[in-house]
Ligand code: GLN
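Just one chain follows, in the form predicted alone, and it is written as structure tokens.
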């Protein structure tokens, strides 16, 4: 069947707006390209011939989007830093603001010749895999409490070509013997821990609260529970001269600096996200 792309996009956008979903032509073209197996870069601008099965697949994707399912969770992948990462509802959607942490962690590793990296709360693996892909001689370990998340991280490590340099393990950093999982220390530790106040989760967009795992969102009654625990374990896992890179929530900077300073780590620097909000904090041992 021959479709006029402009009219299909306009009609679909109207349907989504009626369901309370804000979208744009690029998102809709992404879904259409996935449904038809067409590279979005070469997709026709005006008309294209698609099968009824392909059109039905596109309409099914739109029905999922009407339920506030994020586009990346519909597609099964998300672009982050320089790569596409497999995602599902078992992992946090990689977000552009987190690239700030990745970019600056890579710079620090290059400047200090860091080669052994640990990520706490690996999720899709987008942080540590992006770092290892740039640091060709580095190796790393990634920890997550979710076996399903680790399966996705393993797939991403294989797809991006770093699986031989990363070890993934299932563990809970709140366990008393957590540090016994490791037989070495690390030059660099990175983490984007859960930092949303428990009471605030119900106010989040349905795209987040309904499709990102609660384990990756809920930071306890004040959003700082994971930071307190990481502050206890990280100093014992860091080499002297090593660095810790943390993503934080809006307005948490002063509290996080205080938590880690009390554990003997020295505040180094912070970096703002694309909206000018303090988003990444670094410490040194």
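This is a predicted model, so every value here is computed, not measured. Residue numbers count along the first chain shown, from 1.
Although not depicted, the form predicted in complex with glutamine is the subject of the following passage.
Of 208, 100, 106, 75, which one comes within 4.5 Å of glutamine in the model of the complex, counting heavy atoms only?
Going through each option in turn, the one that passes is 208.
Though glutamine is not shown, can you say which of 231, 244, 216, 31 has a heavy atom within 4.5 Å of it in the model of the complex?
Residue within 4.5 Å of the partner: 216.
Which of these stretches, 185-193, 154-162, 112-120, 82-90, has heavy atoms within 4.5 Å of glutamine in the model of the complex?
It is 185-193 that comes within 4.5 Å of the partner.
Hey, in the model of the complex, does residue 169 get a heavy atom within 4.5 angstroms of glutamine?
Flag for residue 169 set to no.
Within 4.5 Å of glutamine in the model of the complex, which residues of 45-84 have a heavy atom? Give them in sequence order, or say none.
Nothing in this stretch is in contact.
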